[in-house]
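Heads up, the chain below is alone and in the form predicted alone; it's given as structure tokens.
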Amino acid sequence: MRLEPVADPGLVRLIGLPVLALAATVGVASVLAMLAGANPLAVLGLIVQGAAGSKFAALETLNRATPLIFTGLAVAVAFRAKLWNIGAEAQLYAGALMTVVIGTQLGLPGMLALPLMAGAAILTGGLVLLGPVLLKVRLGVDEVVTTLLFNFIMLLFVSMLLEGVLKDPMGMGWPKSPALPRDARLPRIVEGLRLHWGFGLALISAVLVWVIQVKTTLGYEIRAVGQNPQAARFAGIPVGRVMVKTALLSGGLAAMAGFSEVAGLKGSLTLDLSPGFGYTGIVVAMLALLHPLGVVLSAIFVAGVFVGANSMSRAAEVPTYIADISVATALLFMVLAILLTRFRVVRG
């Protein structure tokens, strides 16, 4: 048995296999529901109802999807250049940290604070990823290891600050930062509900990333470097410089997830700001086949699974871990679908 490249995959492979992967995921979720003693159709219905069965549920799903769009875009941009950024979690916390520092320490009015917080978050997130990329370009250090380790380094660094100089004196001993002033927060899209304009920024970011990838020289260079760096270098493309630009773009996008969570939703920084948005962004990007506009739909789908699972768990008394398993299974099946899209299994 060996794998043979498929020259022209065709529409059936390009669309049919990913759809089959999602169907297989639903099948696995149904089996898990039965093992938990519940009706699979009832469980799936409750998940859909909990994710989109009301105005509140739908907006909560979009709210949960906001950071996933940013981290999904960050991963999609990096992976397109074969830059394996596993450190979106670190870049997210770097963006959140800069948001809190500028928003609470400088005393700027909201009209100045918001763009400055966003700009500082983007720059800091890009710089966090720049280190591992320079190690990769200059010394050949595997970026999977360095970006993954940066997640733990950043969490420990944030923990140190929250127990020290950034600790809220009015927080009753809880390790959290002071809250952002009201005028330094993103406004709500729907008054009285939690959905904020970070979601709008995420949609704009997805369109901008698509334009960069499809309509600009940088996008062409990113694709060329990802497909064959040796050929790209032979054609005159500065591979190292393209990797640096990709790192700055990818890290900045992930940092926007931290900015939107602090400035749009939480209002302050805590160690549990992210329940793994950076890691889930990998799933989102892979489900979208690294397409920026597909990332939006993928993020909403994954967010709906998590939000719906929370509601389903209360109604059907089924553990919410079924959502985690389903999302992980979806990733595995999608990776297999991508592999079978590009290769066919032949004997001999």
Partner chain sequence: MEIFEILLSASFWAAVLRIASPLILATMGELICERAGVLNLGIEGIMVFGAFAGWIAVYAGLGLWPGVLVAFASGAMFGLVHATLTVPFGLSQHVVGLGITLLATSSAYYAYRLALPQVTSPPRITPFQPLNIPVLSDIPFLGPALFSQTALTYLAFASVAVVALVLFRTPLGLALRAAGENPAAVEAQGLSVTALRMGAVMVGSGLMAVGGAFLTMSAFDSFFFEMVNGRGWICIALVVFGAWMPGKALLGALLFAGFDALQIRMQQTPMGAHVPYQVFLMVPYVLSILALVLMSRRVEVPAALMVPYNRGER
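What you are looking at is a predicted structure, and each value in this text was computed from that prediction instead of being measured. The term rigid core refers to the most C-alpha atoms you can superpose between the two forms while keeping them within 1.5 Å. Numbering follows the first chain given and starts at 1.
There is another form of this protein, the form predicted in complex with the partner chain, and it is not shown here; the text below is about that form.
Enquirer: With a cut-off of 4.5 Å between heavy atoms, is residue 331 one of the residues that contacts the partner chain in the predicted complex?
Expert: So residue 331 counts as contacting the partner chain.
Enquirer: Contact with the partner chain in the predicted complex for residue 319, defined as at least one heavy atom pair within 4.5 Å: yes or no?
Expert: Yes - in the predicted complex, heavy atoms of residue 319 and the partner chain come within 4.5 Å of each other.
Enquirer: Quick one: does residue 339 come within 4.5 Å of the partner chain in the predicted complex, counting heavy atoms only?
Expert: Although the partner chain is absent here, residue 339 would touch it in the predicted complex, with heavy atoms inside 4.5 Å.
Enquirer: If we define contact as a non-hydrogen atom of the residue within 4.5 angstroms of the partner, is residue 272 a contact of the partner chain in the predicted complex?
Expert: Output for residue 272 is no: heavy atoms all beyond 4.5 Å of the partner chain.
Enquirer: Identify which of 106, 156, 165, 214 has a heavy atom within 4.5 Å of the partner chain in the predicted complex; exactly one of them does.
Expert: Partner contact (heavy atom, 4.5 Å) among the options: 156.
Enquirer: Given that the partner chain is left out here, which of 135, 127, 244, 218 has a heavy atom within 4.5 Å of it in the predicted complex?
Expert: Contact with the partner chain in the predicted complex is made by 135 alone.
Enquirer: Quick one: which of 94 to 102, 257 to 265, 203 to 211, 145 to 153 gets within 4.5 Å of the partner chain in the predicted complex, going by heavy atoms?
Expert: Of the stretches listed, the one contacting the partner is 145 to 153.
Enquirer: Could you pull out the residues of 20 to 35 that have any heavy atom within 4.5 Å of the partner chain in the predicted complex?
Expert: 32, 33, 35, in sequence order.
Enquirer: Tell me, please, whether between this form and the one not shown the C-alpha of residue 17 is shifted by 2 Å or more, with the rigid core used for superposition.
Expert: True for residue 17: a C-alpha shift of 2 Å or more.
Enquirer: So with the core overlaid, does the Cα of residue 327 end up 2 Å or more away between this form and the one not shown?
Expert: Result for residue 327: no, shift under 2 Å.
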